[in-house]
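Just one chain follows, in the form predicted on its own, and it is written as structure tokens.
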Amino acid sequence: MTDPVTVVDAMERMSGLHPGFRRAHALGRCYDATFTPSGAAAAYTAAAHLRGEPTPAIVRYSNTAGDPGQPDAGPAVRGMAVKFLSPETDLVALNVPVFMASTPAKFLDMTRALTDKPSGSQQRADAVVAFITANPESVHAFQEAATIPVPESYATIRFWAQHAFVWVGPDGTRRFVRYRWEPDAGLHHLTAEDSADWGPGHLLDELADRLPVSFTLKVQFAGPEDPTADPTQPWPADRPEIDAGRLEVVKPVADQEFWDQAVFDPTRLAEGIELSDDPVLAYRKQAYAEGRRRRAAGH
């Protein structure tokens, strides 16, 4: 099995070492939120936060860079992590629908291939082509990443959780699902030129002036042939889905330092939700724990 220490080491070499910060999604901010379930999920999962009363949550928005000083300008992978507090369960999502590697070992290969290759350089482009040639299942993710539009705001981005999960219903029936957050404000984009002068954290500053904002949680059900173990592969858009509830993001948290040190771990699940057979999803717990250990030690 791929050693998480090796993976985190490789991520540090790719982005540089920034003590006290996450190895990816280094610059982010956390917000108080409330999730109100629609009731539509109650027939499919016993998870309390998707069935009953509104539950408090913490939301962290970030871009994917491991360097907290990287400007917010231009297209970029960005994240929305949600920690439901009652019961505590995490949902981690990105603005691309699929992941770039099908296994932890291939993620390590990709990270090593991109190390020391500056963004936008021919070296990096060549490394991406070589990785995709060796791992053709990853082509969709790289295509998506290459065509990400510049968002007007974190409030106008669609976010996908990428991995499959298992919902266990009140009657014991098990169903594979995938999640995405749809912005209630709609999808609004800018041009790269519009963002050319954005510094680090521009979109976080913009969000502070826009709050409150809200998102709808959409849940897609897998068909019998849809892949559940490979996060590089999308499911067809015509699969049935439900509206599971609405998340309202209200204000920045009072203790930003405390919550920014928290781990948003997609394997931390409420009763009624289980991990799928996706090896990347299962591996995240180990990688996040190693990253948290280094941050706590001041590394």
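Note that the structure is a prediction, hence the values are computed from the model and not measured. Residue numbers run from 1 along the displayed sequence.
Not pictured, yet referred to below: the form predicted in complex with a small molecule.
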Give a yes or no on whether each residue among Phe99, Val280 and Tyr288 has a heavy atom within 4.5 Å of the small molecule in the model of the complex.
yes
Does any part of Arg268 reach within 4.5 Å of the small molecule in the model of the complex? Heavy atoms only, please.
no
Heavy atom to heavy atom, is Phe107 within 4.5 Å of the small molecule in the model of the complex?
yes
If you check in the model of the complex, is Ser138 within 4.5 Å of the small molecule, heavy atoms only?
no
If you check in the model of the complex, is Ala161 within 4.5 Å of the small molecule, heavy atoms only?
yes
Which of these residues, Ala81, Ile157, Leu203, Val177, gets a heavy atom within 4.5 Å of the small molecule in the model of the complex?
Ala81
Which among 22 to 30, 66 to 74, 247 to 255, 44 to 52 is in contact with the small molecule in the model of the complex, heavy atoms within 4.5 angstroms?
22 to 30
